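Only one chain is included here, represented as structure tokens and corresponding to the form predicted alone.
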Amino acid sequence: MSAVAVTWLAVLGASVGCYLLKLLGLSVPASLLAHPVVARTALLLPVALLSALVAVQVLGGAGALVVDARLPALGLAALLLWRGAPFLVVVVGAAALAAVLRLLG
């Protein structure tokens, strides 16, 4: 089997798995979802997952912890978000800082 076929099988398998997971989520009883602990966990879980994704993207690299221009850019983005800056300003400001830091060395 070629590498392309294996890749497509993996994509199709992941797609079916995601669909089944979504169906499983829809079958959870409403009484369970109304429980305060479950509701609070469901509210905070996306924030934790997105934070983990950001941390991996900012600090990860070649199987090791990497601190480079991305970390100060993330700090600037957090600062701008905290100060209530528009999203476009946050993205452009963080990208500009990362670009300048990479240009400087």
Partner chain sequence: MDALAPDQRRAVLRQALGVGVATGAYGVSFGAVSVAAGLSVAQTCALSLLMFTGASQFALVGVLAAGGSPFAGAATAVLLGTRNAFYGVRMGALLGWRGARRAAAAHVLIDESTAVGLAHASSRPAARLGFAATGVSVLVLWNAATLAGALAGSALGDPRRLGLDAAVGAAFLALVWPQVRGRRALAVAAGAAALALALVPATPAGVPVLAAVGVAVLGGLLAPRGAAAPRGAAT
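These numbers were taken from a predicted model, which means no experiment stands behind them. Numbering follows the first chain given and starts at 1. Here the rigid core means the biggest group of C-alpha atoms that line up within 1.5 Å when the two forms are laid on top of each other.
Below, we refer to the form predicted in complex with the partner chain, which is not included among the displayed structures.
- For the chain shown alone, Val67 is not a contact residue for the partner chain in the predicted complex, no non-hydrogen atom being within 4.5 angstroms.
- Although the partner is absent here, Val6 is a contact residue: one of its heavy atoms lies within 4.5 angstroms of the partner chain in the predicted complex.
- With contact defined as any non-hydrogen atom lying within 4.5 angstroms of the partner chain in the predicted complex, the contacting residues in 36 to 54 are Pro36, Val37, Ala39, Arg40, Thr41, Ala42, Leu43, Leu44, Leu45, Pro46, Val47, Ala48, Leu49, Leu50, Ser51, Ala52, Leu53, Val54, given in sequence order.
- Relative to the superposed core, Leu21 shifts its CA atom by 2 Å or more between this form and the one not shown.
- After superposing the rigid core, the C-alpha of Leu88 moves by less than 2 Å between this form and the one not shown.
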